[in-house]
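One chain is shown next in structure tokens, namely the form predicted alone.
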Amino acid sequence: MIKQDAIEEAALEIMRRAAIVIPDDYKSGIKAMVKEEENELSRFVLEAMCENWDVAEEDRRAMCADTGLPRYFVKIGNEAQVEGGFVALERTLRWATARATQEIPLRPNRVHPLSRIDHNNNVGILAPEIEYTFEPDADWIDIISVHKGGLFGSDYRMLFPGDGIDGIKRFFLDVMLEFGRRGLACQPAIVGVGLGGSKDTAMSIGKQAACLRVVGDRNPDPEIAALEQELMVMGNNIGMGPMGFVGKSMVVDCHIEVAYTHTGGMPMSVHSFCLSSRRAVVRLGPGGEIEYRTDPEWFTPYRRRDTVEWEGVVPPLDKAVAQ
């Protein structure tokens, strides 16, 4: 049984880590960019970013004054048991968010869209967002904290089958240019692309691709993996660098996730994660085990399953009995 108190303290800790500690995969990506960046001003910006991260960790303060919109992604093992059930889990995560806002502290960004009323704790109607996935043959839960900016850094377009790969590339470049030219994202960043599904699915998997995969991770589909690499190179060759300056350091990595879609369309979303790449993960086991890490491991083979059944999870449905 996974205890509520353990969930709250662990959720508070990953909120703290997400706000303060930059994941090693992203740090390594930026340091590699420093070596490749030829523009002196852009190289200076990248180096300043690394210095700011060191100061934030040393002082135990949030890396960015705008701590975004803290949210959770929860991966639940099929055999996991949570004290009080999953309503209690959500209540605990909301309390952890309120505590984190005051104790870390985080900026209380959440307000009612019309009245602009806030509770000074980043909690409200549908806030923080909590998204779920499941994992077979497991008795643990993973809780992922992500602090992504809530104003810009996302775009969507309904493409059509005839647009093809060229249409995907064109929209990607359009978005990258607008993000840089108008200051709609904090570059360099991990960029996520969602292809397919319904409109809301395309937006959702694109954001997950940006926030829940690490630098250097490639999609297991070779064709998608090749497109990820190509888009990353394209994004770094439009003449813009960090924070919109001239350079070639705009995309630390590009991740693409897909979903089966309507035969007549090809919805596409593009999301730029914040330059601080704020994410942290904790795994809680039934015996009190707690493990912290920075790789969400969200897109498992089960998550990307492409069949009706999932071998090993449940026996095939007996159609005769069902009838």
Partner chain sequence: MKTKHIELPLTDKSLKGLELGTAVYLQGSVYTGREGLYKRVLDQGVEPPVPLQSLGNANFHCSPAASVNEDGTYNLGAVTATASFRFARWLSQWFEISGCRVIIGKGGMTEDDYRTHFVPNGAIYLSTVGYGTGALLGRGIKRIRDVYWLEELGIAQAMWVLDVENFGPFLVESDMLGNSLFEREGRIINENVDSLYDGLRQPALKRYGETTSRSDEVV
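This is a predicted model, so every value here is computed, not measured. Numbering follows the first chain given and starts at 1.
Beyond what is shown, the protein has a form predicted together with the partner chain; the following relates to that form.
**Student:** From the list 199, 218, 169, 91, which entry has a heavy atom within 4.5 Å of the partner chain in the predicted complex?
**Tutor:** It is 169 that has a heavy atom within 4.5 Å of the partner.
**Student:** Of the options 162, 113, 85, 222, which one has a non-hydrogen atom that comes within 4.5 Å of the partner chain in the predicted complex?
**Tutor:** Looking at 162, 113, 85, 222 one by one, just 162 meets the 4.5 Å heavy-atom criterion.
**Student:** I'd like to know if residue 40 sits close to the partner chain in the predicted complex, meaning any non-hydrogen atom pair within 4.5 angstroms.
**Tutor:** Taking the distances in the predicted complex, the answer for residue 40 is yes, it comes within 4.5 Å of the partner chain.
**Student:** With the cut-off set at 4.5 Å between non-hydrogen atoms, does residue 157 touch the partner chain in the predicted complex?
**Tutor:** Yes, residue 157 lies within 4.5 Å of the partner chain in the predicted complex.
**Student:** Flag residue 69 as yes or no: does it have a non-hydrogen atom within 4.5 angstroms of any non-hydrogen atom of the partner chain in the predicted complex?
**Tutor:** No, no contact at 4.5 Å.
**Student:** Taking the shortest heavy atom distance, is residue 145 within 4.5 Å of the partner chain in the predicted complex?
**Tutor:** Contact with the partner chain, no.
**Student:** Could you tell me if all three of 18, 30 and 284 have a heavy atom no more than 4.5 Å from the partner chain in the predicted complex?
**Tutor:** No residue of the spot touches the partner chain in the predicted complex.
**Student:** For the interface check, one of 199-207, 237-245, 127-135, 76-84 should have non-hydrogen atoms within 4.5 Å of the partner chain in the predicted complex; which one?
**Tutor:** Selected stretch: 237-245.
**Student:** Residue by residue through 46-70, tell me which have a non-hydrogen atom within 4.5 angstroms of the partner chain in the predicted complex.
**Tutor:** Stretch hits, in order: 48, 49, 51, 52, 55, 56, 58, 59, 61, 62, 63, 64, 65, 66.
**Student:** Shorter or longer C-alpha distance for residue 156 and residue 182 in the predicted complex, given it differs from this form by 3 Å or more?
**Tutor:** Distance between the C-alphas of residue 156 and residue 182: longer in the predicted complex, by 3 Å or more.
**Student:** Which is it in the predicted complex for the CA atoms of residue 266 and residue 182, closer or farther than here, knowing they shift by 3 Å or more?
**Tutor:** Farther apart, by at least 3 Å.
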